[in-house]
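Okay, here we've got a single chain as structure tokens, the form predicted alone, with questions on binding and movement later.
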Amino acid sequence: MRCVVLLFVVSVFASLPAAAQLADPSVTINDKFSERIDIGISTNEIAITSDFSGADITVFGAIDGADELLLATFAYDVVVALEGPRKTSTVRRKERVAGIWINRHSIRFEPIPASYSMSSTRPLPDIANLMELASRDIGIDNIRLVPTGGVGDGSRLTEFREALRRIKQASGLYQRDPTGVQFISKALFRATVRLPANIPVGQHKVRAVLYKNNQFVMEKVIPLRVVKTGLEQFIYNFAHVYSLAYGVIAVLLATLTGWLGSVIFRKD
């Protein structure tokens, strides 16, 4: 009886690593396939300085257990995306009333990535069907934009969704490169994703999704932290932690600057 109990305990502990791997929220696996994907970046923290004007980061990865014949026939596809912290967004539409432009309509959306930069081996329609891509929020057009609160009759919802995507792309926060992922040696690949100059600070994540013959195989996520450094970090932290004091100091500095300007450039 003791031997049976001992064998049971050993089997439970032996299964713990596998169970932990399956419970890992950073990994999603399709059990139909044996291939696995892994990615890495040179740093897990990006420091933003005062002269930061945007940059490219390189993500390296490998497909473990890939079939060489399928590799040669380009049966594998990889999508890599850098997603910023999720924040709520409000879109407003101005209309002219009595000769004055005012905000007449607005829709607030549930938190979405504040920034989104995606690269892939091929254009997304060639990688998987729209339903599959939308279920995983892959691609700018497939990020779910869910309104909060009342939206009236809903007739303007599509218009506001398109406006939000258009604003994000125009500001450089949403970008895509349909050929930014390249295989460099058999199962090894390299992806380049763009960090815009106005990238938000906070916890970002790098997502890599593997497809085989248009079918989902695996997704891997690793964190990436974006922080401000030096004087910018001090001002940013002070403004968010001591917002009232920051506002008072800003008003006093503006008043002092205006007074000094009037004194210096005063005409006698």
Partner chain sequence: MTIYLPIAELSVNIFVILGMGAAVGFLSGMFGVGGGFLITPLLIFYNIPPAVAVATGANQVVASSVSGALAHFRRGTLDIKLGLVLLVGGLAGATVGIQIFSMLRRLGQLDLIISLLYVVFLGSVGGLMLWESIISLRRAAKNKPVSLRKPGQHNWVHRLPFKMRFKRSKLYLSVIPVIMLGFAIGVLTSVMGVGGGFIMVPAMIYLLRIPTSVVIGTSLFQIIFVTAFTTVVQAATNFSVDIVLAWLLMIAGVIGAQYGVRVGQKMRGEQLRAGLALLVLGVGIRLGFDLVLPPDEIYSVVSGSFGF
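The term rigid core refers to the maximal set of C-alpha atoms that superpose within 1.5 Å between the two forms. These figures come from a predicted structure and were not determined experimentally. Residue numbers count along the first chain shown, from 1.
From this point on, the text means the form predicted in complex with its partner chain, which you will not see here.
Screening L145, A187, A163, I140 for any heavy atom within 4.5 Å of its partner chain in the predicted complex leaves a single hit, A163. Though its partner chain is absent from this view, in the predicted complex it lies within 4.5 Å of a heavy atom of just one residue from N129, S135, N103, T179, which is N103. From the list 49 to 57, 212 to 220, 36 to 44, 62 to 70, the contact stretch for its partner chain in the predicted complex under a 4.5 Å heavy atom rule is 49 to 57. At a distance threshold of 4.5 angstroms between non-hydrogen atoms, L173 is in contact with its partner chain in the predicted complex.
Its partner chain is not drawn, but in the predicted complex it has no heavy atom within 4.5 Å of E110. In the predicted complex, K205 stays away from its partner chain, with no heavy atom inside 4.5 Å. Taking the partner from the other structure, its partner chain in the predicted complex has no heavy atom within 4.5 Å of any heavy atom of G149. Along 238 to 256, these residues reach a heavy atom to within 4.5 Å of its partner chain in the predicted complex: A239, H240, S243, L244, Y246, G247, V248, I249, A250, V251, L253, A254, T255. Here I100 counts as shifted, since its C-alpha moves by at least 2 Å between this form and the one not shown after the core is aligned. Relative to the superposed core, S243 undergoes a C-alpha shift of no less than 2 Å between this form and the one not shown.
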